[in-house]
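What follows is a single chain, given as structure tokens, in the form predicted alone.
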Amino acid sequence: MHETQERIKRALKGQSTIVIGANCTIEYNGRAESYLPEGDRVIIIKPDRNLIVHQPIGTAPVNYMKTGTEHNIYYEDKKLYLKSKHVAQKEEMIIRLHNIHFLQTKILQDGEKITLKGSEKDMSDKIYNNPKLIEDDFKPLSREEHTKYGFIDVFGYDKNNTLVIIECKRYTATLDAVTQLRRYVEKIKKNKGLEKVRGIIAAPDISANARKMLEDWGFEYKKADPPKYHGNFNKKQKKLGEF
């Protein structure tokens, strides 16, 4: 354990990322008070002094400390502790390390930023630039048209010069999408003094109850997929027997 303590101490003095797999108990005092009984966890300390504790399953950390936390590894009564304190946030976490399963320390380099593609804005851009995806003779006028209730994704006219509002959804459209579309349509009708405004939901799919509500309110659904730049999520994956 003394060798582990020294390795963590050295890593804390530099810019290493520290990953500890350990059986531990955790006491926390700050946003609330909590105690996590003994169990196996993964503890990550980043160079900016963030601390994250993960249990073996799930994506959300069970405990965490924010950037700027001070960490200290020490022995007390022959037991190894990791004490983390954020003075400004008035937070403190004490992790008692009963058994270390593994320890990794490494200076990691990554200055890149994630590029988000295929969003609902990308969908509206795609429809605006390719109006036939909705129907022939559809004439888009604008994107992100502002209303009291939010932004209309695509705004235009059909071949009969009827105003059309299109609400884009990246995933399966649900009841929320339909009610949102209705709010937009009713607001535009009122503001422009129009009797008829077409409402369309553009999405890869729509739930059965959302489709029923859409039809009941006289709106339409058009199948439209978000643009994909990096992935091939629509391609069929091979089954094990096909390899």
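A residue's number is simply how far along the shown sequence it sits, counting from 1. Just so you know, these numbers come straight off a predicted model, no measurement behind them.
Omitted here: the form predicted in complex with the DNA. The next part is about that form.
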item: Heavy atom within 4.5 Å of the DNA in the predicted bound form - the one residue of 202, 65, 45, 214 that qualifies; value: 65
item: Among 125 to 133, 73 to 81, 98 to 106, 165 to 173, the region lying within 4.5 Å of the DNA in the predicted bound form by heavy atom distance; value: 165 to 173
item: Contact test in the predicted bound form: residue 190 vs the DNA, heavy atoms, 4.5 Å; value: no
item: Any non-hydrogen atom of residue 154 within 4.5 angstroms of the DNA in the predicted bound form; value: no
item: Close approach of residue 120 to the DNA in the predicted bound form, 4.5 Å, heavy atom; value: yes
item: 4.5 Å heavy atom contact, residue 37 to the DNA in the predicted bound form; value: no
item: Stretch 70 to 108 - residues with a heavy atom within 4.5 Å of the DNA in the predicted bound form; value: 91, 93
